[in-house]
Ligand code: UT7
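Only one chain is included here, represented as structure tokens and corresponding to the form predicted on its own.
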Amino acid sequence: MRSVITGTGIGVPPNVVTNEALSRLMDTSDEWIRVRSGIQERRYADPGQGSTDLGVMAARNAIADAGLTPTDIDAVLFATMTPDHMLPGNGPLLQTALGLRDVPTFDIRQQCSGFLYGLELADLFLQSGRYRRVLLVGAEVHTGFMPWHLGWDTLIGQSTREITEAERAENTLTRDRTVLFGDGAGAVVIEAREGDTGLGVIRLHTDGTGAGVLTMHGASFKRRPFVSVDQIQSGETLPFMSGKEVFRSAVTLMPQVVREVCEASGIAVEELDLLLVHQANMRIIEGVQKVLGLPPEKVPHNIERWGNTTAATLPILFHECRTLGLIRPGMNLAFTALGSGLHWGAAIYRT
């Protein structure tokens, strides 16, 4: 019995935000962003549109793609670091919106590795016989982190006022992070099936000593109050990232764990037909590809169109590879991701 992805879908907001558009709000340019990240554009959600809304869109598409109805789903896994609310989680909100039966929902928080951790949990659920069909969703609305009070609303046509020089200067202080993220969702339906296709070896790792290289200092329940105007104004409610350390960890640890799952599966790295890497930064994607010695055509990417959508990058990429015909029967695929925690891992998938 194997865990097989039988349906995929995505949910993305309509607002396309180009690098040129961002240059109207801060000291940046299309060239500056492309050289450092490979990103050309990303999507931003409308005000009031949350990660549950995008997740519902992706889930409906995935369920339909699997030839099922919502009542066929036995359990839900929702991976996000940008939930609609601090409580409850997105799982029950998605359950209600989809009209699911009284099925359990699990909210998981492994940030950029959320979808990968979700694959492990879905596989365990299915292999145990507890559930037959699991819906796994990765969805993010990062625009909640953005300083919208400093003119970001003009990017999606909510305002026509001119950005002041003071606002432009303040926006520039966080350009190393704010230019990277986009909003979006991806979902898959995973079912238990007989045969030799589906999920194979999965290896997950966590190293909490690296938690400080990618974190958010504000909006913390260690604080009194947990969020304040001072925290917002000082930028503590934006993610903090040590870029050099994240890059070093990513291009070291992801290749290591890909080799780990390949060896445990009895296949050579060069026998992989496709390697689906978390879409955090084009430099990281290319770095992983080169360390593993894989040709570029085996490491597809879409970061140039979506930016970093955190838990949504892998399901969106997998869906697009399917729809483009890049994934065919009899292929060896691998997923890999690294994110805040530090959490990282890899999984083998046989089509």
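It should be emphasised that the depicted structure is a prediction, and the values quoted were computed from it without experimental measurement. The first residue of the sequence shown is number 1, and the count goes up from there.
As for the form predicted in complex with the ligand, it is not shown, yet the points below apply to it.
- This chain is displayed without the ligand, yet in the model of the complex the stretch 27-35 from 292-300, 65-73, 49-57, 27-35 comes within 4.5 Å of it by heavy atoms.
- Only one of the listed residues (V201, A97, I267, M241) places a non-hydrogen atom within 4.5 angstroms of the ligand in the model of the complex, and that residue is M241.
- Think of it this way: in the model of the complex, the ligand has a heavy atom of just one of L253, L275, V261, V246 within 4.5 Å, and the residue is V246.
- Looking at R322, you'd find every heavy atom of it more than 4.5 angstroms from the ligand in the model of the complex.
- A residue is said to contact a partner when one of its heavy atoms sits within 4.5 Å of a partner heavy atom; H205 fails this definition for the ligand in the model of the complex, lying far away.
- Although the partner is absent here, E167 is not a contact residue: none of its heavy atoms lies within 4.5 angstroms of the ligand in the model of the complex.
- At a distance threshold of 4.5 angstroms between non-hydrogen atoms, I284 is in contact with the ligand in the model of the complex.
- Along 298-331, one residue reaches a heavy atom to within 4.5 Å of the ligand in the model of the complex: N308.
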